[in-house]
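This document starts with one chain, in the form predicted on its own, laid out as structure tokens.
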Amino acid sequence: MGVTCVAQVPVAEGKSVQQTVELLTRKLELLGAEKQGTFCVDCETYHTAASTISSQGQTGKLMYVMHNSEYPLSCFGLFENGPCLIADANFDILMVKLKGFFQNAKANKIESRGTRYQYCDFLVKVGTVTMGPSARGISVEVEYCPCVVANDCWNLLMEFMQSFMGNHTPGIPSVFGTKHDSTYSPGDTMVQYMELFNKIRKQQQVPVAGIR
């Protein structure tokens, strides 16, 4: 596990989501990147049960339960601006038993699926973000595998991303600001995906259907 940056890439003008994904992957292949299978990151939203809010007088909270194919035996539980819990895969079963406290907002399930690429010491994942049958956007995840301290490799990460993302290269992720010189962890990647998915949910744009 190295240091990772997760970013959204806008759909190219006059192109569909799928065509933009193909443009990105073609650039990676021209650089010499090789396909290394597929990946999936998914996120389900749970909200505080109404009975809990009314009985305790609390404001409702959202909890995000996430999975990443890179960590098939783990499940991630995140609160916005809160801690990231890393548990085993049985956490999903626990959430069912906690339905009196947290209820699944099934219509809000969102995921990113796509192809993994290896280029020297970089692992790149270009994914189509979907909600239900509709494509909502494009995610790019870039990991610099040999390094575990974000401050030590951000400039290198950015330079590599510019080689195929051009003007859409992202700024430094907010999660890096809290890491300083501490070790980067898988939970930091999931926080970035949570922020990306929430951003895409809030974007009021017409979805592009039928590309899954």
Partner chain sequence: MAEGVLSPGVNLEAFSQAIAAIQALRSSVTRVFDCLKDGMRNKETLEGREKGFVAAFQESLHSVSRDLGELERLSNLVGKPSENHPLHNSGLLSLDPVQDKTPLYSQLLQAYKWSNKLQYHAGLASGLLNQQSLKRSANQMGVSAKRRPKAQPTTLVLPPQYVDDVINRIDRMFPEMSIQLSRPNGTSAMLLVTLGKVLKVIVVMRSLFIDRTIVKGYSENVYTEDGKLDIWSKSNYQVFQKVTDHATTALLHYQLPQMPDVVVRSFMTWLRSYIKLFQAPCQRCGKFLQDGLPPTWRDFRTLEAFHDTCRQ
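What you are looking at is a predicted structure, and each value in this text was computed from that prediction instead of being measured. Residue numbers count along the first chain shown, from 1.
Not on display, but discussed next: the form predicted together with its partner chain.
Colleague: Sort through Pro146, Gly166, Gly32, Gly37 and report the residue having a heavy atom within 4.5 Å of its partner chain in the predicted bound form.
Modeller: Result of the distance check: Pro146.
Colleague: At the 4.5 Å heavy atom threshold, is Tyr71 in contact with its partner chain in the predicted bound form?
Modeller: Tyr71 lies outside the contact set for its partner chain.
Colleague: Is Ser174 close to its partner chain in the predicted bound form, meaning a heavy atom pair under 4.5 Å apart or at it?
Modeller: No - in the predicted bound form, heavy atoms of Ser174 and its partner chain never come within 4.5 Å of each other.
Colleague: Report yes if any heavy atom of Leu28 sits within 4.5 Å of a heavy atom of its partner chain in the predicted bound form; otherwise report no.
Modeller: No, no contact at 4.5 Å.
Colleague: Heavy atoms within 4.5 Å of its partner chain in the predicted bound form: does Asn155 have any?
Modeller: Asn155 belongs to the contact set for its partner chain.
Colleague: What are the residues of 115-135, in order along the chain, with a heavy atom within 4.5 Å of its partner chain in the predicted bound form?
Modeller: Those in contact are Tyr119, Cys120, Asp121, Phe122.
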